[in-house]
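Below, in structure tokens: the form predicted alone, a single chain.
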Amino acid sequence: MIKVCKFGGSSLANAKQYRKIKKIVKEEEERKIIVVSACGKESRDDHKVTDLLYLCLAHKQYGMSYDDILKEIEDKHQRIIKELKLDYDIKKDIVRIRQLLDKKANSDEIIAYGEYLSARLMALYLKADFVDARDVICFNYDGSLNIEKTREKFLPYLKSRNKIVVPGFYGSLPNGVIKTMSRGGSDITGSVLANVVEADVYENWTDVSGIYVCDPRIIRDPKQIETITYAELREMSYMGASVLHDESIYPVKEKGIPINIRNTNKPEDRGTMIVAACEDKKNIGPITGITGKKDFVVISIAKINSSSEVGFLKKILEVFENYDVSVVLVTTGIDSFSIIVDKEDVRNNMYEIANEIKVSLKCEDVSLYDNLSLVCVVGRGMRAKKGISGRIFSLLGENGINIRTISQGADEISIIVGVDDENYAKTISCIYERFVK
């Protein structure tokens, strides 16, 4: 049995957290592969190492000194080295980062140093094998991950009897140049390695004891989800739940490997299990989770007989494509369409897009509404419970909340309602109180 364990930045913020990780890893021999993020914030006033490295790049770009920032990075790691009594010369790495900054090297190589340093120190502390991600995590030139090449590179390391520590967040292109992932990419590293070694479980250790039914900032002490399917999690993460990086789900889903979200600070908690399918239907309510986002824009389009015009919707979407704007949701009537996009994506050109649609597609009416929130109700149990959507709509009406858009897929795993931004938290609270609590 093999478990891949990924530890997030908050789990590596100081020596105390390193000790917690060591205890967790030593508890089970199956915890063979350890993936680590860069050192996180130790307190509210502290800084993540990755953020400090980005700040160094910004200072370099504008001709400002970054000496103090490098000193902060050095001191942060030096405290860990001293407290854990590790034999490691951090100054050599700081000199190397400075050299890379001075010669304007590949920025990804500089940013990757956060994870590299965490992994070097963790490997020393655990007396484990350090395996540099640049040697095993393989990208294609188009930026996509090459899992087969990664498998070929990484599997030989499994022959070691020691535990293996790998820095997350980066890998290399075929020519050896380092490439980083998007923020939170260490989740992806862990997921890919779990796929490669066909792990029995992928444990993702963070600072929460699993996934909650809804945002704790809206509902105080919300219920924790014990088990959730990949499909449900995908719906929740797309609409705002940020427990895992979106792209970390596919590699484990492909092999049917469960993900266990655990809390480094409360290792006794079982956390949340993310699985391909949940056979146990006992006591499953209709709703698994409630999530959402604020600040969307709705562009509503009406044209007589447009439903009979072949390719009309395609032409609308091509306008957004031409402006490099991703469409979040499309709702339709007989001769009307509502295109929902992130406000940030159209902040500088929403009126140009609306005008182009109106003129080029000869639409009678094109209107904008830019204060929309989307609330997504997710649950595999909704299929078995009749009238859930109707009950949700009635509930919101009873509470004076106007629904501007509605969307439900044929798989009945989620219902998305659009409401005014000012009613975002109220909508989530109403649904939680009625259907969950």
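Residue indices: 1-based, along the sequence shown. It should be emphasised that the depicted structure is a prediction, and the values quoted were computed from it without experimental measurement. Here the rigid core means the biggest group of C-alpha atoms that line up within 1.5 Å when the two forms are laid on top of each other.
Although not depicted, the form predicted together with a small molecule is the subject of the following passage.
This chain is displayed alone, yet in the predicted bound form one of 217, 103, 159, 85 has a heavy atom within 4.5 Å of the small molecule; that residue is 217.
Screening 150, 306, 206, 338 for any heavy atom within 4.5 Å of the small molecule in the predicted bound form leaves a single hit, 206.
Though the partner is left out of this view, residue 278 does not reach within 4.5 Å of the small molecule in the predicted bound form, counting heavy atoms only. The small molecule in the predicted bound form is not approached by residue 322, whose heavy atoms all lie more than 4.5 angstroms from it. Among heavy atoms of residue 210, some come within 4.5 Å of the small molecule in the predicted bound form. With a 4.5 Å cutoff on heavy atoms, residue 236 counts as touching the small molecule in the predicted bound form.
Contact with the small molecule in the predicted bound form, judged as any non-hydrogen atom within 4.5 angstroms, is confined among 410 to 418, 423 to 431, 8 to 16, 21 to 29 to 8 to 16. Superposition of the core reveals a Cα shift of 2 Å or more for residue 424 between the shown form and the other one.
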